[in-house]
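Here we start with a single chain on its own, the form predicted alone, put down as structure tokens.
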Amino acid sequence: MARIPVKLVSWDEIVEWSRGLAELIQKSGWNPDIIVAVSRGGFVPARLLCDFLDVTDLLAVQSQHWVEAAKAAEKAILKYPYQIDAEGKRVLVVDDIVDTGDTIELAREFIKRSWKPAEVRTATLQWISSVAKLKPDYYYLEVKEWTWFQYPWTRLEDVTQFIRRILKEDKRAREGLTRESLEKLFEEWYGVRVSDLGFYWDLAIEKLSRDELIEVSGGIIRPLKGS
């Protein structure tokens, strides 16, 4: 059993789920005038929904809760708030997933209060019903047990943070690890085979080395002090 269950998501799945989500919205009889992506995770689903729902107005707000992969900040924050005149418009706020629900709720309430649209609804690809404080108006998949959905647009970022977390928190990594040992620990921690990551694994190792967070010498990977 992985310490942190991770689901690697493919681009094909993103398109399939976004299309399914669009069909649910269409069947409800409600048509948005504006789609707002919750940055950063909502960008791709929001753009796909624009395509499937024939919506041309796409905006974004940045509501942030996760400071790193599978680690949440104490509270969500809204960065770079701005105002538009959305009076009389129907606004659909889109994110990739609702886990705590804090980010999409913060974005929704800001839009309601500041943009003054006729109506605001929310949509996500996944809804983790066991932990979420908010149920989106539209969702494609209900997830009953918490899982970290590793989307393709954050693969390098997440893999880098996953490796760094192992090196910081696993006692077996203190004296350094061979690549093979690190790969085994990665699968133990996250339930993901390194072979399924393709070139992202090597890119993550290169990035950690370049940022002076690890040292790779004699086939051994060691965390550097302060990393």
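Since we're looking at a predicted model, the values are computed, not measured. Counting begins at 1, following the sequence as shown.
Below: the form predicted together with adenosine monophosphate (AMP), not depicted.
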So in the model of the complex, does Tyr151 come within 4.5 Å of adenosine monophosphate (AMP), heavy atom to heavy atom? yes
Is Ala107 close enough to touch adenosine monophosphate (AMP) in the model of the complex, meaning at least one heavy atom pair within 4.5 Å? no
At 4.5 Å between heavy atoms, is Val120 in contact with adenosine monophosphate (AMP) in the model of the complex? no
Give a yes or no for Val91: in the model of the complex, does one of its heavy atoms lie within 4.5 Å of a heavy atom belonging to adenosine monophosphate (AMP)? no
Those residues of 80-106 with a non-hydrogen atom no more than 4.5 Å from adenosine monophosphate (AMP) in the model of the complex are Asp95, Asp96, Ile97, Val98, Asp99, Thr100, Gly101, Asp102, Thr103
